[in-house]
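Shown here is one chain on its own, the form predicted alone, set out as structure tokens.
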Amino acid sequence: METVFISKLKPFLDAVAEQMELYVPKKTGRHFVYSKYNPSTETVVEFNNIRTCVPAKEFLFPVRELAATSPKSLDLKDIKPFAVFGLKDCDLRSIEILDKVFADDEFQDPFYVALRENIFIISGDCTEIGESCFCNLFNGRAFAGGGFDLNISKINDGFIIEAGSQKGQGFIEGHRSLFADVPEALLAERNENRARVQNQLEQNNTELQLNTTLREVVENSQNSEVFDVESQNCVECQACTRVCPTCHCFYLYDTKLQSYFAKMKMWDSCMRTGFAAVAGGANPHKVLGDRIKHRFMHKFVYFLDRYGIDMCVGCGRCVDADPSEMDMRTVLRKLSEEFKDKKEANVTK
């Protein structure tokens, strides 16, 4: 695949917007959100230094969407190509996780698959590390290693663009006049930037490095009091699951829309009191501490057993979104210390 150089982003973004709808990061306060790109305005699109506060799953697994209609059925051909600029490595790995849920050979969600096939992913290197970022604990990096159509690296004099798929390579070939060759000095600058940010990421999370796997720690915490203790800091707002890029629980409900009936699909949350309630009123997760435990078991045990991959990418969005003092990293550290003490106690017996 090819690597090219461009001095300014706007000509590149304009070229993308000519072919499809384009969503770009927009800064609001300290955070980035997504907005639709308008080529006719002179507003400068800022290269987001870290991941946005909203997850990439919103583009592929919307908060609320039609699942079926009657008497007329939905037409998947209505889904048109679109592009998203500014996704980070943690976002790309979260999409890989969602692929296993919604695009697996055994079961496929046709709406997710259609959106997945039509998305044009333009990722970008992280140029800074957020206080809440801990992706390196899950083999994450400050730059994308794959899963993108085009990846952009910011350097002093412009941007290096790398193709990661045939779609990305095709775009470069179709807009050859926009790009220039990349001198070795600029590639060296990009690599130095990546190494610097990666080193900062690892230094920030030194205290979270474990001597055992998170799966073993969490699986052996079934009787731990940590979940009940930490639940005292939780206000049950469900923000952690809403902003999580890999949480994918949803529920279906029927409704009447204008002249037709519809079945709607909407995000759900395992942190909701009635999430696990069944007919007759029984609720195995009525206690908040049990719901928190279930969330951790799903992230680090159940999903790993089924798909062979952790369901957490360490993006830190749940840490930023929580209005209380509930912090996944704190819970994992406490569980790890508890697990270590138990192992040492067993050795001395």
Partner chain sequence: MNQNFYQPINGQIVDIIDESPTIKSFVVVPEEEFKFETGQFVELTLPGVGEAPFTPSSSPADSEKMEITIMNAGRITALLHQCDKGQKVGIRGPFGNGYPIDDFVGKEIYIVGGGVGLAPIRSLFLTLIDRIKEFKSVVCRFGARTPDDFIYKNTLFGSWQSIAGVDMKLTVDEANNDWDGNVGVVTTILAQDDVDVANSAAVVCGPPIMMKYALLKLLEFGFSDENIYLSMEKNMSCGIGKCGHCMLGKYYVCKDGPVFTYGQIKKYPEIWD
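Since the model is a prediction, treat every value here as computed from it, not as a measurement. Residue numbers count along the first chain shown, from 1.
This protein has a second form, the form predicted together with the partner chain, left out of what is shown; the following refers to that one.
Peer 1: Answer yes if any heavy atom of Glu162 is within 4.5 Å of a heavy atom of the partner chain in the predicted bound form; otherwise answer no.
Peer 2: Contact with the partner chain, no.
Peer 1: Determine whether any heavy atom of Val278 comes within 4.5 Å of a heavy atom of the partner chain in the predicted bound form, and answer yes or no.
Peer 2: Taking the distances in the predicted bound form, the answer for Val278 is yes, it comes within 4.5 Å of the partner chain.
Peer 1: Is it the case that Glu106, even though its partner is missing from this view, gets within 4.5 Å of the partner chain in the predicted bound form, heavy atoms only?
Peer 2: Result yes; Glu106 sits at the interface with the partner chain in the predicted bound form.
Peer 1: I'd like to check something about Asp254: if you look in the predicted bound form, is any of its heavy atoms closer than or equal to 4.5 Å to a heavy atom of the partner chain?
Peer 2: Contact check for Asp254: yes, within 4.5 Å of the partner chain in the predicted bound form.
Peer 1: Want to guess which of 146 to 154, 261 to 269, 193 to 201, 124 to 132 is within 4.5 Å of the partner chain in the predicted bound form, heavy atoms only?
Peer 2: Selected range: 261 to 269.
Peer 1: Heavy atom within 4.5 Å of the partner chain in the predicted bound form: which of Leu74, Ile172, Leu208, Leu187?
Peer 2: In short, Leu74.
Peer 1: Among Asp228, Glu236, Glu219, Glu96, which has at least one heavy atom within 4.5 Å of the partner chain in the predicted bound form?
Peer 2: Selected residue: Glu219.
Peer 1: Can you name the residues of 52 to 74 that have a heavy atom within 4.5 Å of the partner chain in the predicted bound form?
Peer 2: Heavy-atom contacts to the partner chain in the predicted bound form: Ala67, Ala68, Thr69, Ser70, Pro71, Ser73, Leu74.
Peer 1: Once you account for a change of 3 Å or more, let me know if Asp75 and Asn118 sit closer or farther in the predicted bound form, using their C-alpha atoms.
Peer 2: Compared with the shown chain, Asp75-Asn118 is farther in the predicted bound form.
Peer 1: Quick one: with a 3 Å or larger change, is the Lys77 to Tyr253 CA distance smaller or larger in the predicted bound form? Answer closer or farther.
Peer 2: Those two alpha carbons end up closer in the predicted bound form.
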